[in-house]
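Okay, so we've got the same protein chain twice, two forms, each given alone as structure tokens, structure 1 and structure 2.
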Structure 1
Amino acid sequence: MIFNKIESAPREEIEKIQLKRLKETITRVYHLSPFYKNKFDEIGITPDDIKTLQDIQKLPFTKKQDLRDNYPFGLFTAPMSEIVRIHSSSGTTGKPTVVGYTQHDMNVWNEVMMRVYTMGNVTSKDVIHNAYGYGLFTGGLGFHEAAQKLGATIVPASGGFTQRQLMLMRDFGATVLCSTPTFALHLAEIARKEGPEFRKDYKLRVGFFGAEPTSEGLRREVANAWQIEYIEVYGLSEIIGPGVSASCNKGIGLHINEDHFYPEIIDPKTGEVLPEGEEGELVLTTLTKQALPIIRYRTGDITKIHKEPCACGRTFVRMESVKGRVDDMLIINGVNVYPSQIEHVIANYDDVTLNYQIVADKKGYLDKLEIIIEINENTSYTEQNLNKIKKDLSQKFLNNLYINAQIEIVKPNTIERSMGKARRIIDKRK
């Protein structure tokens, strides 16, 4: 099932719409945002200079710091009387990032989220258990309103209270689960305590997972644990929230809602646009936003984009699952490694679980990497077993990722569980 015709339109038609909307957006920010007007004036660009989609490369990037510097509403291009919703990032360092939506923006958000739900064939017959956090985070409410618009039954469970969530999922007959992948795994871990046949009490058939980088191994583990279809959802509050892209499961990757968000891949070091298929940082430009249009936003997310047609019939380009964030990449004695690559190795080893933590530190002049992993409940915690697991895993990290890692195996339930986005890395060198 495909929600909108435009998702499978010929490329020329999509690009025509993109160019028209790009010109409108550039004109909007030039006239309504002193921030962008100054930036464009500095490099001598006016809206008339944008004649083709490639001309976007003439425009400057927008960074997270720009939103912080203009806290709270400095980048809005709609009057407050037209703003109907505010969201914000957690802001653990410095000022939070604040985003706003007009009713038109809310309609866009709901439309892209209905497209996402349609990737998993969600209809009014479904009961959606939404365990994304409700509040300033875009996860909870982003999945909420579109579900109602589809006529489905939405259960606004929010995060935490694992046992109670499981009870509600069973008693209300949830057919759809929306949560971070790590929380879905945690739910399964607790549900499994009811016995190996626990799944017969649940009606889940599909899940919509996102908000954090994951490895292929973790995605497989979540799908297997619940025996459901895994739809991956990507998005960020600065651009809209969840719904920038989602996977159709007919081919590799997540279709980007290109009629609303224009994607580019750049070299994070030089800012140069990379050819199709090359790995780099995803940059997004909003094409239809009113309250907070953003030009060439540096997401910090590392991925690749593919343009070839997809078996599902959609013609929107696909991005691969995010490999990691530019700022999460660890450099261990000169070797670059993303946490999702470490996770992939762990996921493919039977005697350990996906509850792990990565600690980077210094030992003299050298970097030291420690990976703490929980043993599988069915593997006995004997010295002989521990030594074997440590040796095997060290060898795998060395062979696959070229890193020397010290492995520590801990007992089940030792590492703190995450109710939202998982925090896997402790970098003591920073």
Structure 2
Amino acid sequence: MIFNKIESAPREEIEKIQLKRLKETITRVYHLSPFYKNKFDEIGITPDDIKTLQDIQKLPFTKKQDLRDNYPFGLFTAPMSEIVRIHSSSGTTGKPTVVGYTQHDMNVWNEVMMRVYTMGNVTSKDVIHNAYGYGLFTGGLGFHEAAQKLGATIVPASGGFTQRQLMLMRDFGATVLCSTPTFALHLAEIARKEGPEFRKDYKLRVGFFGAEPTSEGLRREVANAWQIEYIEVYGLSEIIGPGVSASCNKGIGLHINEDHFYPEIIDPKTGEVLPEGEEGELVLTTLTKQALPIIRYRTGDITKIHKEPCACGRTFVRMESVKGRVDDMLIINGVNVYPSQIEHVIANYDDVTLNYQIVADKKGYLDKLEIIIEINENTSYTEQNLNKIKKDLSQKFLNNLYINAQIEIVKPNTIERSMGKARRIIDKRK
């Protein structure tokens, strides 16, 4: 089942739409965004220079730091009177990256998410249990509104409260689960305690999973645990949120909604555009966004793109599941966390030093984050004071970065060093 006929249009028609929309977007940012006008002027580019899709390579890249540098609304190309929603992610210095949406943008978001749901044959007869977090992150609300547009019943469960989630899934007759894959496994693990035949009490038939890296083994384990169809969903708030691409049940890879998001694969070191099928960094350009158009955004995600039509009938290009990152970003239970963000919180707390170590591990199927920090030499090393420091820092990480972290405070020169520097990140999940 295909939601919109454009998803199966001939390549020539898709590329004609892309070029038209690209020209419109370039004209919009050139005239309405001082940031982009300055960047274009620096290299001598005007909208008139974009005549083919290949001409996009003449344009400069946009990075996450550009959004931070223009906090909060410096990259918006629509007045606040037209902004109907704002989302954001946590920021390195306490300033988040902010994204805005006009009603037109919301319509685009709902459109691409309805396409995603249709890949799992979701209709108005379905009950959707949404276990993505609601709030400033795009996950929960990104899945929510499109479900309503389809006429399905949406249960806004959000994250956490495992036993309650299972009760709602069982009692409300959920047929669709939306969550991170590791939380889906955690739910299955707890439900399995009810007995090996626990699945007979649930009506789940399909799940939409994203917000964290996955392997083929993890996808298979989730599908087998619940005996459901697994739909992988990819997105990022800077571009739209969930709905940039999603997998179908016929082929390999995730169909990019490329009438709204133009994809490129580049060499992460040189910035050179790579041929089809070669692995590199995914770069995306929004083609229809009004509030926050983004030109050649470097996602940091490593993948490949394939153009051959899929057995499902869709002709949109497909990206492979993300294989890794070009930077040191960690994804903890669906939340993006940079070591620099953690360091900023530590640096603003007087009783500890900047000698720290981040340990990512698993507790069951869920991610667990431990932050080990050396205490300041002049700070009292009493149990009472240590407990206060742990409590304070835990709350700061939760308030600033939206992460639950276990804090361990150790004496000076305790953390192992290499070439005089503390080893910063240990990811035991790998």
Ligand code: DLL
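Please note that residue numbering is based on structure 1, beginning with 1 at the start of its sequence. Throughout, rigid core stands for the largest set of C-alpha atoms superposing within 1.5 Å between the two forms. Fair warning: this is a prediction, and the values are worked out from it, not measured in the lab.
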* **Structure number of the form predicted together with the named molecule** => 1
* Where the C-alphas switch from fitting one rigid part better to fitting the other, that's the hinge; pick which of Lys269, Asn38, Asp327, Asn378 sits there, comparing between structures 1 and 2. => Asp327
* Quote the angle in degrees describing how far the smaller of the two rigid parts swings relative to the larger between structures 1 and 2. => 153
* **After superposing on the core, C-alpha shift for Val345 between structures 1 and 2 in angstrom** => 34.4
